[in-house]
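Only one chain comes next, encoded as structure tokens, the form predicted on its own.
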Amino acid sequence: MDKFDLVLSSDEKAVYALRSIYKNYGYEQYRMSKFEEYDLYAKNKDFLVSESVITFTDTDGKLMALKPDVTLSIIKNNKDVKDDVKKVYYNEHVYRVSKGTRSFKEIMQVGLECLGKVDEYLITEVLLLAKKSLGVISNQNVLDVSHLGIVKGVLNYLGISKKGCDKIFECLKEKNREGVVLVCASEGLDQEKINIAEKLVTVYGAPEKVIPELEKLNLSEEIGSAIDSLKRVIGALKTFGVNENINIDFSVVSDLNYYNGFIFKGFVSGIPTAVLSGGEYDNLMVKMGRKDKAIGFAVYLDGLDKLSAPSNELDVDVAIEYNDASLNEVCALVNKLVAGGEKVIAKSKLPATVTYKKLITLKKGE
């Protein structure tokens, strides 16, 4: 057993492993302060995982926020660099409403961002690192990849209104085929066009299965270009030896005010919600006055407690109930056991909930 396994929680071990992976691909650590002006988050609330933000008034009267997000700070504090790319990773505590408790919680978030001249190699690299990140958390994982260029292209080709597009996006998130049909019908589309829209819900699975189906939707230059890009990037992932448990899934959609192109979510067995989320967010860059392109992802570690050891695993190897035994005797025994690699708990009276392999009861004079 590694000595760190004795003292690090599951999320702490994940942080160390993820940092090592990102450094190996040339990412530099980004550090931010705990506070940013609230205005930064207020203008981009729809981009945040949770709209709830903890605020306070600084000594100079400015309304400040306890950071709920790192990406916005990275964009704000980095300038456009012509013909170059800024590659950063971070592991920062953010403060937001936890999905599990519905109350504010300090959450360790790890992620990376590429800002600048983002090309298909960098998109491929980010997807690769997303898949590797999932592997750190669990061997049983899947990365669902979508491309907003294809979704947007299909909806533009069909001539669906802005209101109709918003409704279809909601239906896609829920994989609601009937809902898509109803929206298309209300937009006056004929059956042939409705069938095209349905494809966005029904095509799902491994790239070698889905991409040939998508190529049948090459109805416009916009759609064709997005499909070709998806095909190239997925093919490049295979060069890295990554071709298992990657699905194309158009239920992965995000706000077009912020995102474009590739978007993706990562899942692991045992956690019902995504533990990783990311994509290209050129539109957010424009909104924040930037000319650069951008892509990145975040890993949410607040759900890792659901991946705790199986219920039949014991709390400790040895439990010591020392009653009124001498202090030196208790210390000597604990030191001996821990030095020998045992996991130990010592209390004057052990609670009934503690589980152990071996119980040692010390009494005065023994």
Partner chain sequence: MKNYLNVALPKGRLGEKVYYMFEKAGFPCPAIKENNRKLIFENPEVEVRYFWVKPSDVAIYVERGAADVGVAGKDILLEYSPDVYELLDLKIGKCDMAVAAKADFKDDRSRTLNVATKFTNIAKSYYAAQGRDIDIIHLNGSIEIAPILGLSDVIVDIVETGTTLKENNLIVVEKFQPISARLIANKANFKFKSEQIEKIRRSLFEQTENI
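Positions refer to the first chain, counted from 1. Computed from a predicted model, the values in this text were never measured in an experiment.
Missing here is the form predicted in complex with its partner chain; even so, the following discussion is about that form.
Out of the listed residues K199, R232, H93, K175, K175 is the one that sits within 4.5 Å of its partner chain in the model of the complex by at least one heavy atom. Residue in contact with its partner chain in the model of the complex (any heavy atom within 4.5 Å), chosen from I271, V136, I246, I75: I271. Residues placing heavy atoms within 4.5 Å of its partner chain in the model of the complex fall in a single listed stretch, namely 138 to 146, out of 79 to 87, 292 to 300, 138 to 146, 120 to 128. In the model of the complex, its partner chain sits beyond 4.5 Å of every heavy atom of Y258. Although the partner is absent here, Y157 lies well away from its partner chain in the model of the complex, with no heavy atom inside 4.5 Å.
Contact between S186 and its partner chain in the model of the complex is not found at the 4.5 Å heavy atom cutoff.
In the model of the complex, no heavy atom of S225 sits within 4.5 Å of its partner chain.
Taking its partner chain as positioned in the model of the complex, none of the residues of 207 to 221 brings a heavy atom within 4.5 Å of it.
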